[in-house]
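For reference, the chain that follows is the form predicted alone, supplied as structure tokens.
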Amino acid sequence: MTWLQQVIHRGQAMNDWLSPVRSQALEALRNTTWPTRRTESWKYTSLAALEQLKLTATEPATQPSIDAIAGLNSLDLVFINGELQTDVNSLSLPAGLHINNLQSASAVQRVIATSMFAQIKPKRHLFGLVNDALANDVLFIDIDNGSHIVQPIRIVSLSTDGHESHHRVLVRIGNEAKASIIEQTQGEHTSLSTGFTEFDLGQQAYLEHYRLAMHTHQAIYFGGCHFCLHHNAELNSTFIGYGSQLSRTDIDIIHNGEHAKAKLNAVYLLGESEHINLHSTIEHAKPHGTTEENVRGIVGDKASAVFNGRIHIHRGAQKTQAALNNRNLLLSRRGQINTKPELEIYADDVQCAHGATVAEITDEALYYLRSRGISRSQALVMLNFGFIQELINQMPNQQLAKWLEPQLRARFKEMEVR
């Protein structure tokens, strides 16, 4: 039995209030052809590691824990191997914020969540369908109209050795409401995890969002962030992704109301022989929308990165302004970048641009620093950090940016070509 057949078999055995939605995902999976290198969206990513994966769950010697972020004062919600560890019923929440584990939610909350579940995330995402079928604990974050939630909400998902896990989050931000949400996923040992989040931003809502996909080494990870923006809604999102044995993240932003604004900054950092696949799709379905997307990647020795960024301007989405830029830095000529920025435009009164570059650290830059007494290792860290510093500096939450800086410097040292 293949891994996909196992997923379908396990999904059929699940019987809960989400079963009608799960059945739709299972039917789609039954009609899905397993991706190969001839499948366009998987052309540069092999799934052989998944087919050969053998998981033997081991319990960690100590319970995994998360690091506090100095000065952040976040409201932390923790998943371990797909199971929600936080007792949401015991949380002291600010007015206007509601958090529920939908397995124990009221009938009314389930009706609201069902109207969102798998509605914003496009049906084309294979592992999104897997998540639809197998996610057990589903976290639902609901923010009332007009509520400004100052305290950042931090969702952490940890994967441990030998485990397969699937976690799901739904977020509804009411009209004229504001919130800040940080998603952090981590794992380094042999494991398989999927994590998908759907966001619905009401009229004039504002979301400050971060996805820190920090799986490394032998971890296999498939994730997605999917946003629907209504009239005058605004999204400011930052993605930081590490490479691992196999990692893919899909980001979808749908401008479903006029005058919606989206800013997406993304950084991916790959160590030796690691892989990452980042796909972004921006759908401008209404007029007067604005999108700014900046993506930068640093790729280590024998590592491979895939970036596919698509901006689709629908017919009638006049006065759209959209720009996409992808810049990449190779640390070794044995590294590989496959970048494909796309514009698909069906409106004639728009301002759009896209571009991509691939470069190497020059010997002159290294010599300049080393001639001033800086070691090669330190020089590489400085040059690498300088390449992504602009996007880190643009993060609205400076406490989070300050916490990230030593994490990124440690990552650069791991990426050094020896």
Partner chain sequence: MTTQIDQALSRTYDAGFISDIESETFAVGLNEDVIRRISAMKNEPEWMIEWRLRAYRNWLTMEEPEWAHVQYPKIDFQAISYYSAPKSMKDKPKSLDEVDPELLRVYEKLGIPLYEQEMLAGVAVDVVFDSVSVVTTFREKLKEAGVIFCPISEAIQTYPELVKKYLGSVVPRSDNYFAALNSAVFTDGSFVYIPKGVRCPMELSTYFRINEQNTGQFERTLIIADEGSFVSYLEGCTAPQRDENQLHAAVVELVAMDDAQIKYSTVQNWYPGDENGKGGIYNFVTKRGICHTNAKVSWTQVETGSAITWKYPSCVLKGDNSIGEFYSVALTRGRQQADTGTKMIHLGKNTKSTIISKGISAGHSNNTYRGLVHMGSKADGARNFTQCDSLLIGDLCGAHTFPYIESRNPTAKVEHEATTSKVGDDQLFLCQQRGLDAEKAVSMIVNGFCKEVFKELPMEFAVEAGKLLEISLEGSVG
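Positions refer to the first chain, counted from 1. A quick note: this is a predicted structure, and the numbers were derived from the prediction, not measured.
If you look for the form predicted together with the partner chain, you will not find it shown, but the lines that follow are about it.
For the three residues Q318, N338 and D349, a heavy atom within 4.5 Å of the partner chain turns up in the predicted bound form in every case. With the partner omitted from this view, the residue of L207, A105, L264, L331 that lies near the partner chain in the predicted bound form is L331 [heavy atom within 4.5 Å]. By the criterion of a heavy atom within 4.5 Å, E27 is excluded from the residues contacting the partner chain in the predicted bound form. Interface membership of T357, defined by any non-hydrogen atom within 4.5 Å of the partner chain in the predicted bound form, is confirmed. Among heavy atoms of E258, none comes within 4.5 Å of the partner chain in the predicted bound form.
In the predicted bound form, the partner chain sits beyond 4.5 Å of every heavy atom of E59.
In plain terms, the part of the chain that comes close to the partner chain in the predicted bound form, with a heavy atom within 4.5 Å, is 359-367 out of 65-73, 48-56, 359-367, 27-35.
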